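Quick heads-up: it's one chain on its own, the form predicted on its own, in C-alpha cells.
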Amino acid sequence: MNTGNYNKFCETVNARLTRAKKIVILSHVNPDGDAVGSSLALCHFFANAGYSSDVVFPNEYPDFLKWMPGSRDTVIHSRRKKLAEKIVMEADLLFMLDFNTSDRAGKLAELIKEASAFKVIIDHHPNPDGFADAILSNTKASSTAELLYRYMELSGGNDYIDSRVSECIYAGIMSDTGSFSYNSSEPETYRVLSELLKNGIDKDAIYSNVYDNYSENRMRLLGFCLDKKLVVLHEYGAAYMSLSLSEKENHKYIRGDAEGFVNYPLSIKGIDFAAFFMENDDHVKLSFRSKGAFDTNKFASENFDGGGHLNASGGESKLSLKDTINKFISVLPKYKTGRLPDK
C-alpha cells in the first residue's frame, strides 16, 4: 500500500484487527525511548479497546525507560528466546514499530520473514524496504510515537487513549527529539503533545523519569568522556567521543549509560556535527548528531551502513574502534559543516 496514506492504512489494519486472534508488537534491536514508548502505548491502547497483545523486544533496553506502565510484562528475546520466538511465529497480526527494514529486528529478522502473520509497519525513518503488508511511514513525523497517535486518533480510538497510553507516547516523542531539540519543527508534533496533556499526564515527571534517573556510575562516565575522550576537530566543525570495551568495564557500564552523550559536543561554539563511538564485542556502534542542515542520515548511510534522520542518525562498523575512528576522520574532508558536500 502507499506509505503515508493514513485513512487507507487505518481501514486496512482495522479490518485485520477485528478478526485477529494473536496480536504481537515488536520493536527494533537496542530499543530506545521511541521504540519502548510506542510499543507499550499500542499495547495499552489495544487492551482498552478489548484486544489482547504481546510486546516483544529483541534485547534489553535501558533501566531509565522501565518506569513506563507495562514494561514488566514484556518479553525480551535475548533472555527468553524460545518464548519470544513462539509468540512471533504464532502471531496472525504483527505490528513492527520504529523500524523499516527487517534486519533492524536483530536475531528476530529471519522469523519475521518466515512468520505468516499480516505484517504492519509504523515508522518515521526514510526508505522502508516494503517487507510488510501495510506501511504507515512519514519522515516528517518527529517520532514513531507521534505517528502511532495519529493512527489511534484516525481509527476513532480517542476513548481508548488514557493516561497510560499518553504517558508512553509523550515519552516516545520527547526522547526521540532530545526533549524537543531536534526532529521537532512540525506544528503537528505540538498539536499531538497538547492532546496528550489534556489526558492529565505530568510532563515534568516524565522528563524526570527519563533524564533525571541515571546512576552515579553513569554520571562519572560522562565526566570521564568529556574530560578524557572528547576530541574537537575545529577545521571540520566536528567533535567526537569514544568508549572502548575496557573503559566500559572500568566504569561498570550498563546498557543506556551513554545515552545522550553524543549531544554534548554540539554545545561547543562552532561545532555542527558530533559523533560517539561505542565498542562492543563484535562491532562498533556509532551515533551522529548535527545542527542546521548537515545531513547525518546521508553521512551515516554513505560511510557506516546506517541511517536515521537529518540531525540524528546511527551506524555500525566491523572495523576495530581505532580503525573506525580513523575512517570517520578520513571522510570528514569530503563534507562541510552546515550543508552537504559539493557534488
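Not measured: the values here are computed from a predicted model. Start at 1 with the first residue shown and count on from there.
One more form of this protein exists, namely the form predicted together with ligand 5GP; it is left out here, but the text below deals with it.
A.B. asks: Does each of G223, K229 and M241 have at least one heavy atom within 4.5 Å of ligand 5GP in the model of the complex?
C.D. replies: Not a single residue of the candidate spot has a heavy atom within 4.5 Å of ligand 5GP in the model of the complex.
A.B. asks: Is the gap between G315 and ligand 5GP in the model of the complex 4.5 Å or less for some heavy atom pair?
C.D. replies: So G315 counts as contacting ligand 5GP.
A.B. asks: Check R289 for me: does it contact ligand 5GP in the model of the complex (non-hydrogen atoms, 4.5 angstroms)?
C.D. replies: Close contact exists here: in the model of the complex, R289 approaches ligand 5GP to within 4.5 Å, heavy atoms only.
A.B. asks: Can you work out whether H44 and ligand 5GP are in contact in the model of the complex, taking contact to mean some heavy atom pair no more than 4.5 Å apart?
C.D. replies: Flag for H44 set to no.
A.B. asks: Can you tell me if H251 lies within 4.5 angstroms of ligand 5GP in the model of the complex, counting non-hydrogen atoms only?
C.D. replies: H251: no, not in contact with ligand 5GP in the model of the complex.
A.B. asks: Please name which of the stretches 36-44, 305-313, 66-74, 50-58 has residues with heavy atoms lying within 4.5 Å of ligand 5GP in the model of the complex.
C.D. replies: Among the candidates, contact is made by 305-313.
A.B. asks: Would you mind checking 120-136 for residues with a heavy atom within 4.5 Å of ligand 5GP in the model of the complex?
C.D. replies: Counting only heavy atoms within 4.5 Å of ligand 5GP in the model of the complex, the single contacting residue of 120-136 is H125.
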